[in-house]
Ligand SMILES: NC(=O)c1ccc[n+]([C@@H]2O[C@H](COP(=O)([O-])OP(=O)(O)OC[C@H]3O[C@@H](n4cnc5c(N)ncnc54)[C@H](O)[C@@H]3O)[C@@H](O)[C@H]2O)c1
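The chain that follows stands alone, in the form predicted alone, written as structure tokens.
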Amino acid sequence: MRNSWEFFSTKRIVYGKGAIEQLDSILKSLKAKNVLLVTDPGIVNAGIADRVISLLRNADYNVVTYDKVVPEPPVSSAIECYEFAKSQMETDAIIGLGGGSSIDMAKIAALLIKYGGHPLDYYGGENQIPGPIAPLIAIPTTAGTGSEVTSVAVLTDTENNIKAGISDNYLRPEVALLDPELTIGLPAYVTACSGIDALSHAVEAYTAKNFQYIQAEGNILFQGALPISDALALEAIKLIAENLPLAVQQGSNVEARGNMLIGSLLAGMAFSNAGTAAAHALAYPIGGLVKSPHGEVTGLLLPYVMKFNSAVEMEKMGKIAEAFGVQVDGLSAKEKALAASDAVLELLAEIGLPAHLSQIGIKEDDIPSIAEKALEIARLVRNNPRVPTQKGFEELLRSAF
């Protein structure tokens, strides 16, 4: 039984319409002059990168841009980014501009610029980074991963065909800069996938096993449900439930976009301390079999995992149902709990995302090996409030099929 918990977050969060204009003052506070901007071709094509570069150049910063980030970036591209930065100048600060992949790439660049080596030197267990990384400002253009406040960066190890997650509290950016105006051009499908991913983070953090009963030794990043993460996660669920359909259907609605950014941020703060659980554990092996975005997979699994867990988390599931606006008067505790998973299924339909594994290319024959591989991801499985088994996971997956 664990007797204590800790809570970590990004040091500084700046939010608001037009908040990007504060970039100069933020960099001055970091005493930075030479800036590496890490982004992707989509952000360049949308004109967002040029806007940031102009702001920086007008304020007399030396800017070098690495704009080749791809979704689920391979380890080799992180090395390329680092070598590129090293060949250009002595970097004082790094800006990650874009979705989770760009911010994760910026985290790795900030790590390697400070300590050198190979990305996989820091993989294989938590807390492998010796100290603070180079100053990093994360500017998300999607409301989903929460990477701007999290302790994790994920690369793809293409040689072994697995996701390599580097996890350490030193990976949290120095500053998270959130400007809802930068998310307005996001396509409906990307908005839906990233938004449902944020909901998965919030729900799994909120319903994680209580920190006292997590069976693990030493300092762990994913500690189980904590009072602070519970408060953040529940508020995130409310914001996402109310605003995701609007953000998907009315892409230019800056209020809905802003509320989604805050929802994603709060979910990131929650899950990077409490952890995620079965939906994410199952999503990793599924991600190796299909081309669907990570968020689409976790979102598809979420209602089935909630149903699987509802018998041991009735009270919290009931509160999730209320956060979704479900009329719970007169319902038993069990009915309230099951209403939460139904509300998520309804949300998937509203935002046009699949609700069955067969829709994304999974075959029934894949189910035993998905369950087996998911059970091996100890840091997520131990967080699940209901102890998963091979049989239990297979039944869950068949219900989602």
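One rule holds for the numbers: they count along the sequence shown, beginning at 1. Keep in mind that this is a model prediction, so the values were computed, not measured.
There is another form of the same protein, the form predicted in complex with the named molecule; it is not shown, and what comes next is about it.
- Contact with the named molecule in the predicted bound form, defined as a heavy atom within 4.5 Å, holds for exactly one of Gln223, Asn309, Thr183, Ser229, namely Thr183.
- Screening Ala241, Val328, Ile129, Val152 for any heavy atom within 4.5 Å of the named molecule in the predicted bound form leaves a single hit, Val152.
- Contact check for Glu235, Asn273 and Lys316: none of the three has a heavy atom within 4.5 Å of the named molecule in the predicted bound form.
- Mapping the unseen interface onto this chain, Ile43 counts among the residues with a heavy atom inside 4.5 Å of the named molecule in the predicted bound form.
- In the predicted bound form, the named molecule sits beyond 4.5 Å of every heavy atom of Ala339.
- When the named molecule is considered in the predicted bound form, Pro73 lines it closely, a heavy atom lying within 4.5 Å.
- Taking non-hydrogen atoms only, Lys163 approaches the named molecule to within 4.5 angstroms in the predicted bound form.
- Heavy atoms within 4.5 Å of the named molecule in the predicted bound form map, among the stretches 111-119, 77-85, 98-106, 259-267, onto 98-106 alone.
- Residues from 357-378 do not approach the named molecule in the predicted bound form: none has a non-hydrogen atom within 4.5 Å of it.
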